[in-house]
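First, one chain by itself: the form predicted alone, in structure tokens.
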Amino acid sequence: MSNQQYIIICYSTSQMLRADSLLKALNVTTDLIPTPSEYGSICSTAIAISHKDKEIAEKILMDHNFAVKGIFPHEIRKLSGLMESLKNTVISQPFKDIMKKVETGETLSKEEITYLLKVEGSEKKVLFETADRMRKEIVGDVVEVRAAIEFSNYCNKSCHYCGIRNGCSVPNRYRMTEDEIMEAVHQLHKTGIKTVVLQSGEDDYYTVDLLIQLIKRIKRETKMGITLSVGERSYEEYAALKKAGANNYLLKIETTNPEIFQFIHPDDDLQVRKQCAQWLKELGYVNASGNMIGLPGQRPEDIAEDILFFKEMGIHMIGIGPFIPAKGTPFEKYPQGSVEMTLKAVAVTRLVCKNVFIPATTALASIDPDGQRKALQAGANSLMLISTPPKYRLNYQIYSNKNMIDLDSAIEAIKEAGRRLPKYLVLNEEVSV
């Protein structure tokens, strides 16, 4: 059919980027998307092309002696038998119509996404169960576990919600040395963790050269995957960090509503943030983003726009957490976000974006002790440990009363959710996988 999309699967990220550049240079329209689960892992990227460009793309690649794994139809992910399983459930006709589109793999509109974000009662239960089934069929039962080292709480930005904002009276400002960071990295490596997240405020002290030196040392000594979360940078800086060995980059959009974005980020620009996300995509990063639920003035329609942004930008990892006010900030007296709306956003994001990582966030665990288990049963499939050294940990409070998720609490949440631990974890004898 004429609207059939195809995907080109390459042997490596560098090969994918070269093929994409070649096709674009020869006027083939391409897009970079998370690789569908039947063709590869979440942490890889495929080149999407239209039906009309399939033959010319094949010829270009062949003429340039470009070997690829293959060019395949981009099959729509369906949930066969979904409507049959719902035949005795008390749900409205509009909800049935949306679930029918989920069953057949049709794209949901903003209005339909918004509808799902507003459901309650039996429809909310069905939403969570359907998202959990989508998660199971696409990414399986194993929960990916990663760990964050928050290596600096200095920040040159003044985001109104953030407890480490420039000018905020945090207990103590700190910067970890390279050796301190490496000590924490090696501790994680001993537990079997495969990916370390290096996170900080937007701290100019850590130049690109310092970060490159750190990245290369981590690769040399541990070969671990590296996620960077160090804010907005230039294209050239992102490129240099990628070349040094950074695999993933986390830069949350927080909200795609321009007015809300400006209200919470007085010295930021939404278009700059979107441009950074586009650069990260073009450079072949495993691209991570996310939003906050319950921001002042936010409506379900705004969350629906966020979810569509994640899909259209081809985001690989989507962190969705409730807004939590931080003491000493302009937003400290605003009410926190809703656990239930956060869970609904997780579920709808799974249905819309499908083959992506969705963490059960630390923020959710901070306002609901059972929040991570609930998220894992509503479509989430990963957890993030807080592995900042104890002497610094309490000083990295982006929001107040942060839950310091450790390996034991992560294991408990995974088991309570009826999910499986990753085989790479090195556990104590009394902990059963």
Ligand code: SAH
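If you're wondering where the values come from, they're calculated on a predicted model, not measured in any experiment. So that there is no doubt, residue numbering starts at 1 and follows the sequence shown.
Form predicted together with S-adenosyl-L-homocysteine (SAH): not shown, discussed below.
> Within 4.5 Å, heavy atoms only, which of Lys252, Lys124, Lys354, Lys274 is in contact with S-adenosyl-L-homocysteine (SAH) in the predicted complex?
When S-adenosyl-L-homocysteine (SAH) is considered in the predicted complex, the option within 4.5 Å is Lys252.
> Of the residues Met292, Ile193, Met176, Ile113, which one places a heavy atom within 4.5 Å of S-adenosyl-L-homocysteine (SAH) in the predicted complex?
Flagged contact: Met292.
> Counting only non-hydrogen atoms and a 4.5 angstroms cut-off, does Gly231 reach S-adenosyl-L-homocysteine (SAH) in the predicted complex?
Yes.
> With a 4.5 Å heavy atom cut-off, would you call Leu32 a contact of S-adenosyl-L-homocysteine (SAH) in the predicted complex?
Although S-adenosyl-L-homocysteine (SAH) is absent here, Leu32 would stay clear of it in the predicted complex, with no heavy atoms inside 4.5 Å.
> Considering non-hydrogen atoms and a 4.5 Å limit, does S-adenosyl-L-homocysteine (SAH) approach Leu343 in the predicted complex?
Leu343 lies outside the contact set for S-adenosyl-L-homocysteine (SAH).
> Classify Ile226 as contacting or not contacting S-adenosyl-L-homocysteine (SAH) in the predicted complex by the rule of any non-hydrogen atom within 4.5 angstroms, answering yes or no.
Heavy-atom contact with S-adenosyl-L-homocysteine (SAH) at 4.5 Å: absent for Ile226.
> Out of the stretches listed (344-352, 154-162, 76-84, 309-317), which one is close to S-adenosyl-L-homocysteine (SAH) in the predicted complex, meaning heavy atoms within 4.5 Å?
Comparing against S-adenosyl-L-homocysteine (SAH) in the predicted complex, the contact stretch is 154-162.
> Is any part of 174-203 within 4.5 angstroms of S-adenosyl-L-homocysteine (SAH) in the predicted complex by a non-hydrogen atom, and which residues would that be?
Result: Gln199, Ser200, Gly201, Glu202.
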